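Encoded as structure tokens, the following chain is the form predicted alone, with no partner shown.
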């Protein structure tokens, strides 16, 4: 799926994350900021990349500010930001694409 415009999902509240997606320059570029990056940085990056792969996103700049979100929250925020970037509002395959 192509990232057509910048879009944001999530908040900066505790146990949440804010995900911003923007059109990229040929690759997936991930910028991650997290209070728990030393403990969970590898897992957070893995969840983000797996979610983008399932959505067929291969060209994007992704910025994530994590405030201790669970994996399921990270997946939902990434998915929502990608759909918003494409103005997809109806017929969303929630749970169908993301495992």
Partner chain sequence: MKNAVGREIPEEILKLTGKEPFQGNNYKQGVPFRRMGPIIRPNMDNQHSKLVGSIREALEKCHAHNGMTVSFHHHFREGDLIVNMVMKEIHDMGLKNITVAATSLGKAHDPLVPMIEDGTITRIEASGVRGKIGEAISAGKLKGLAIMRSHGGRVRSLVTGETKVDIAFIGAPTSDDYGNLRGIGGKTNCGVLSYSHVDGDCAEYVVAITDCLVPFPNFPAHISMTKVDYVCVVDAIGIPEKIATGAAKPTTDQRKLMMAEYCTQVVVNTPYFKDGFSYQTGVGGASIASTISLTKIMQERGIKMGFGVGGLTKPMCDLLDMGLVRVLMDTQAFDLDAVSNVINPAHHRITAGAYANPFNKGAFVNRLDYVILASLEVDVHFNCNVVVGSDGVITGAQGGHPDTAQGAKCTIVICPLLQGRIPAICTDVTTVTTPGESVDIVVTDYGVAVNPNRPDLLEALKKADCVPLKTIEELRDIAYSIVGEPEPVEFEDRIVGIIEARDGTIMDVVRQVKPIPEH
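Values in this document were obtained by computation on a predicted structure and should not be read as measured data. Numbering follows the first chain given and starts at 1.
A second form of this protein, the form predicted in complex with the partner chain, is not displayed here; the remarks below concern that form.
Though the partner is left out of this view, residue 43 does reach within 4.5 Å of the partner chain in the model of the complex, counting heavy atoms only. Contact annotation: residue 60 falls outside 4.5 Å of the partner chain in the model of the complex, judged by heavy atom distances. Within 4.5 Å of some heavy atom of the partner chain in the model of the complex lies at least one heavy atom of residue 30. Remark: residue 74 counts among the residues lining the partner chain in the model of the complex, judged by a heavy atom distance of 4.5 Å or less. Applying a 4.5 Å heavy atom cutoff to the partner chain in the model of the complex picks out 68, 69, 70, 71, 74 from 66-81, in order along the sequence.
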